[in-house]
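Given as structure tokens, the chain that follows is alone and in the form predicted on its own.
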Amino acid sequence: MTDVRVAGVGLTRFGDHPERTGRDLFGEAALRAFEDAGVDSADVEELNYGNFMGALAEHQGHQAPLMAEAAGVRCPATRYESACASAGVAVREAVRTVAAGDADVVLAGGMERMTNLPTDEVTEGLAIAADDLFEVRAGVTFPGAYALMANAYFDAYGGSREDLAHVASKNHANAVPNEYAQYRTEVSVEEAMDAPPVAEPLHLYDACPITDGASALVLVSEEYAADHDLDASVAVTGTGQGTDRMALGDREHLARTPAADDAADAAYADAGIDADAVDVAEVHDCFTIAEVLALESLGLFETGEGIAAAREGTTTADGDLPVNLSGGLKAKGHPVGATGGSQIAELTRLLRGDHPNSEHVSDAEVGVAHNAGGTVASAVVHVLEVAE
């Protein structure tokens, strides 16, 4: 097995790109990743690409060859789909490929284009990540599903809408200096509390936005990095994946996410660390309650204690364990097929010291990324460490 280094990262600005195509967005992210890495695109041996709803948003299936062309690579290219965890799965398979010695250079990431569709069509498109037979046909949407999870959490462990408002306010504040973020404006706890309801107890600022964007990572073996004198100071030392029942009605608990539990356990074991070693985290906060559930599944807080983390200041930029310094899905945005790659790109920048929020984690050595699909029926966790 070989160490896997993040040689370069590339992102587009997340937000509204109605006139651009998906291949254009991914091409931009890939070019930035190659420039950041100092790696020639001709050296790429595989492309792992995440996308969820391109067949609906752009009427385009079979996207991997198109994205290889857009990235300027000529190699085996595969599209991965796992709802909002699509890029996370694509990156995981890239990490495993490099670690196994099957390739020295893999380009991984993802793209989603969504704002070209009206909101009702985006909602309908995203809903296919739920159980069509037992949820979608009954009228369940993801805001409604996460509202059920939030109410179940409050019933089991306590908490309030104000606790969730602190999560929203924290992540909006973190997004302000991030040049790639969709919403670079602060939102106070009071504003979040006063926002209109979407699905009680979730209100407008509890939900992530509809977003276009792309992410790309150049992953290389430790040997390739040394041979080419690359400044690849961040390594992916652990990866894990988990799965749960699709429909909420079939689960034992609505206020816990076992798929993420399993993914975290596997990633920590792979890295040879435990949760206490984590200095900074990027987690899948598609709704504010999802951040709370992620913190507990990652073992960063005990069950029932994650709800107070933002309100008590533990997970704020100046807290003991900063979470979502990128702004998270909540404020940076959530182009679903790109998010898993974006989280790792942001963590890499934070650990390298070239992120606008790196000053808050200047001594950080270990980061964890948590990417989830649907109501966490799928989850992928990666551990990143500053390489010695």
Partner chain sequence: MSDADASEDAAPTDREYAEWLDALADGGGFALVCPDGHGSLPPRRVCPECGSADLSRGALDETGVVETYSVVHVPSPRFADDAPYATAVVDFGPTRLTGVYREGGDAAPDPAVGDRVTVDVGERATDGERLVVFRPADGETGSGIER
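Positions refer to the first chain, counted from 1. No experiment lies behind these values; they were computed from the predicted model shown.
Not on display, but discussed next: the form predicted together with the partner chain.
Looking at 93-101, 135-143, 267-275, 174-182, which stretch has residues with any non-hydrogen atom within 4.5 Å of the partner chain in the predicted bound form?
Partner-contacting stretch among the options: 135-143.
Is every one of 200, 249 and 254 in contact with the partner chain in the predicted bound form, taking contact as a heavy atom within 4.5 Å?
So, yes: the whole triplet contacts the partner chain.
Under a 4.5 angstroms heavy atom criterion, identify the one residue in 162, 155, 194, 227 near the partner chain in the predicted bound form.
If I apply the 4.5 Å criterion carefully, the residue I get is 155.
Ok, 233, 314, 78, 151: which has a heavy atom sitting within 4.5 Å of the partner chain in the predicted bound form?
Selected option: 151.
I'd like to know if residue 188 sits close to the partner chain in the predicted bound form, meaning any non-hydrogen atom pair within 4.5 angstroms.
Residue 188: no contact with the partner chain in the predicted bound form.
Counting only non-hydrogen atoms and a 4.5 angstroms cut-off, does residue 279 reach the partner chain in the predicted bound form?
No, residue 279 is distant from the partner.
If we define contact as a non-hydrogen atom of the residue within 4.5 angstroms of the partner, is residue 120 a contact of the partner chain in the predicted bound form?
It does: once the partner chain is placed as it appears in the predicted bound form, residue 120 has a heavy atom within 4.5 Å of it.
Does the partner chain get within 4.5 angstroms of any non-hydrogen atom of residue 147 in the predicted bound form?
Contact with the partner chain, yes.
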